[in-house]
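In structure tokens, one chain follows: the form predicted alone.
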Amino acid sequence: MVRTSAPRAQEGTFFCLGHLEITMDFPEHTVAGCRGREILERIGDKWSLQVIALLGDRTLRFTELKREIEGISQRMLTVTLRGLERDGIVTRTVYPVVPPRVDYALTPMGTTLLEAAITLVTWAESHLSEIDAARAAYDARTPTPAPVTSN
């Protein structure tokens, strides 16, 4: 068996299993930092925020969520809902009827995220034109790298 030492982090940076590095300073460094990052990745992705914001109004069925979230695939919605359910943010209720009926709702813990989720989704939607303008200005002043060719 070959043993290698763990990579050394630059001062102010620490390493976390599953992530190359984290530059945030958490009180319990590696344990709380890694766990916090894991949860932030779940709730901070583009689909989870929209699901949380939509479920804040009422319980919704899968098809209603899919209809409301522009651009999400059925598979991505399924993966997102499963992750949120696993983390205790969303509940899934299956009714024994034909055709099958499945409802999704925020848990009490999920409801505590609602204000932050709505704020972020609203901010993104209200700043689309400004972001588009900033991107266009950046792209206009930044040269496009030449394609790499191999000989």
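These numbers come from a predicted model, not from an experiment. Numbering starts at 1 and follows the sequence shown.
In what follows, reference is made to the form predicted in complex with the DNA, a form of this protein that is not presented.
Though the partner is left out of this view, V102 does reach within 4.5 Å of the DNA in the predicted complex, counting heavy atoms only. In the predicted complex, none of the heavy atoms of T112 sits within 4.5 Å of a heavy atom of the DNA. Though the partner is left out of this view, T63 does reach within 4.5 Å of the DNA in the predicted complex, counting heavy atoms only.
At a distance of at most 4.5 angstroms from the DNA in the predicted complex, all three residues Q74, T78 and R92 contribute at least one non-hydrogen atom.
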